[in-house]
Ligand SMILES: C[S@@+](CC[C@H](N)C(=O)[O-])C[C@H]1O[C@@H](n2cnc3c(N)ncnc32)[C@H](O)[C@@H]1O
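Just the one chain here, the form predicted on its own, laid out as structure tokens.
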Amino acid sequence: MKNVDIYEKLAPKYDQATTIVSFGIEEAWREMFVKEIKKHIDNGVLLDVASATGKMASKMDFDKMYLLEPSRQMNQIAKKRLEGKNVIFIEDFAEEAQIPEQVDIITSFMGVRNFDDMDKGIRNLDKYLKDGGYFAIVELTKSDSVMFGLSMFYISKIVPLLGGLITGEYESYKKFNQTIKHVTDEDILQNYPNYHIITHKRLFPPIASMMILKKDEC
């Protein structure tokens, strides 16, 4: 993950800052994401990638969950949030991580675009997903819509100011938001040749997409 040092710095106030700068929209997206996933699968073994402070995993609440996150500070917060649950923390990158067993679903909420090598990361994770399992993603991606352009003005100009004011990390937010301009839905989906799309829709505002894919059964 290109921005692991940024996340180390942001961790203590990450949730607070994200809620404020997104006006709560990110939390609404997370709720929609969980609701959509649970139409297809509501238990089993979960792998949450780029799990940050564990918010996504806390809402999924599967019987067994692996959280893959390279930031030690993020993991410390997640451990407190998920205390008492059957959670295994793996402090590593998607491209290199080893999971002790195959899982039923892999989730990534705002993480895939930050892989150092998206193709390598997804291929590595794919090894640990059962045939017929699900790979579910919400990601900030670019589009040609006018509203995307307006949203990007807010994200590139205003978010660093607000995020910097809350966390003291203006430059970190500035670098963090640059990644959004360079990833499309197609960039992500081309890495899933052996999957079929269950859900693919643009969220509102149209700066993010939800993608749920099912792995073909051999």
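Owing to the predicted nature of the structure, the values given are computational and were not obtained by experimental measurement. Quick note: we count residues from 1 along the sequence shown, nothing fancier.
Beyond the structure shown, there is the form predicted in complex with the named molecule, which is absent from this document and is the topic of what follows.
Asks: Identify whether the named molecule in the model of the complex is within 4.5 Å of every residue in the set Phe62, Val87 and Tyr128, based on non-hydrogen atoms.
Replies: No: none of Phe62, Val87 and Tyr128 comes within 4.5 Å of the named molecule in the model of the complex.
Asks: Only one of Asp119, Asp116, Glu83, Glu101 gets a heavy atom within 4.5 Å of the named molecule in the model of the complex. Which one?
Replies: Of the candidates Asp119, Asp116, Glu83, Glu101, Asp116 is the one lying within 4.5 Å of the named molecule in the model of the complex.
Asks: So the named molecule isn't shown here. In the model of the complex, which residue out of Ile155, Ile37, Ala52, Leu46 has a non-hydrogen atom within 4.5 Å of it?
Replies: Looking at the other structure, the residue within range turns out to be Ala52.
Asks: Consider Phe109 of the chain shown here, and say whether it contacts the named molecule in the model of the complex, taking contact as heavy atoms within 4.5 Å.
Replies: Yes, contact at 4.5 Å.
Asks: Would Phe93 show up as a contact with the named molecule in the model of the complex if we use heavy atoms at 4.5 Å?
Replies: Phe93: contacts the named molecule in the model of the complex.
Asks: I'd like to know if Ala136 sits close to the named molecule in the model of the complex, meaning any non-hydrogen atom pair within 4.5 angstroms.
Replies: Close contact is absent here: in the model of the complex, Ala136 is far from the named molecule, nothing within 4.5 Å, heavy atoms only.
Asks: Residue-level question: is Met74 within 4.5 Å of the named molecule in the model of the complex, judged on heavy atoms?
Replies: Residue-level check for Met74: yes, a contact with the named molecule.
Asks: Using a 4.5 Å heavy atom cut-off, indicate which stretch of 147-155, 37-45, 189-197, 64-72 touches the named molecule in the model of the complex.
Replies: Flagged stretch: 64-72.
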